[in-house]
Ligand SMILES: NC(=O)c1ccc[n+]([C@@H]2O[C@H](COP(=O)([O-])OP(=O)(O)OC[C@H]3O[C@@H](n4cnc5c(N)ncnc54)[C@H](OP(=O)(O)O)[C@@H]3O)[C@@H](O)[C@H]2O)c1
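We begin with a single chain expressed as structure tokens, specifically the form predicted alone.
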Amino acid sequence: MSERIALVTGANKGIGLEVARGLGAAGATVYLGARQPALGEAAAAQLRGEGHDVRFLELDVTSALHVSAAAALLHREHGRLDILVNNAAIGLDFTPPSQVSMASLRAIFETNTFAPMALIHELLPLLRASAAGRIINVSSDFASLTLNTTPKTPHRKAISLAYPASKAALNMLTVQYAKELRDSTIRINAVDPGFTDTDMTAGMGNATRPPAQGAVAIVRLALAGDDSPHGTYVNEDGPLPW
């Protein structure tokens, strides 16, 4: 396709902004999804100033009204969607499981797991209308059950519940959609951007990876051709253990 239509959630800063920049640089028309209009408009204007076709889309991923409005806009303006990047996420902390409130757990799952599922449900007809639909679920290596249970790994030492559990559920969502879509032209994958220096990791001294580096594997898979992998869990260096 000469022009790809892409939607990136949580894209006014950090990894999402760099994904939008990378897709724009590849010639895609990018809808930059963000909850706060002022921040989203400023980010989109910044990327347009760099020469990219980037358009702000007000999108609180936990709002059914926002999700359905996004689908209606994409259908009206393009009749298809080629790339969906489910990037928006919250809640990385190291609260012991016994101290996590049910309200906090529900809120994190709402954004990190249920919202990507809602977006895929709503946008699947538009992705099916694409010649080569691509869905990227931005996951984490903290979602790996293998790494969390392997001695001498940082994941084994770190104690957390809501964030890694929500991302592990997102991985399973990816696997099950991959099975349903295996005979289609849509490819879906879970991608770990690495422990990246973002607002979410502020104050965590070992999060030194720049957002542009965290976006590399996401952009690569979003733009992958007919040889695209399907139903995988990867980072920039290759497959990760589930």
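Values in this document were obtained by computation on a predicted structure and should not be read as measured data. Residue numbers here begin at 1 and follow the sequence given.
The following text describes the form predicted together with the ligand, which does not appear among the structures shown.
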Legend entry - Full three-residue contact with the ligand in the model of the complex, heavy atom 4.5 Å, for 62, 138 and 196: yes
Inset, instruction - May I ask you to choose, among 185, 68, 36, 176, the residue with a heavy atom within 4.5 Å of the ligand in the model of the complex? - result: 36
Legend entry - Selected contact from 168, 161, 90, 132, since only one has a non-hydrogen atom within 4.5 angstroms of the ligand in the model of the complex: 90
Legend entry - Contact label in the model of the complex: residue 13 to the ligand, heavy atom within 4.5 Å: yes
Inset, instruction - Report whether the minimum heavy atom distance between residue 200 and the ligand in the model of the complex is within 4.5 Å. - result: yes
Inset, instruction - Indicate whether the ligand has at least one heavy atom within 4.5 Å of a heavy atom of residue 111 in the model of the complex. - result: yes
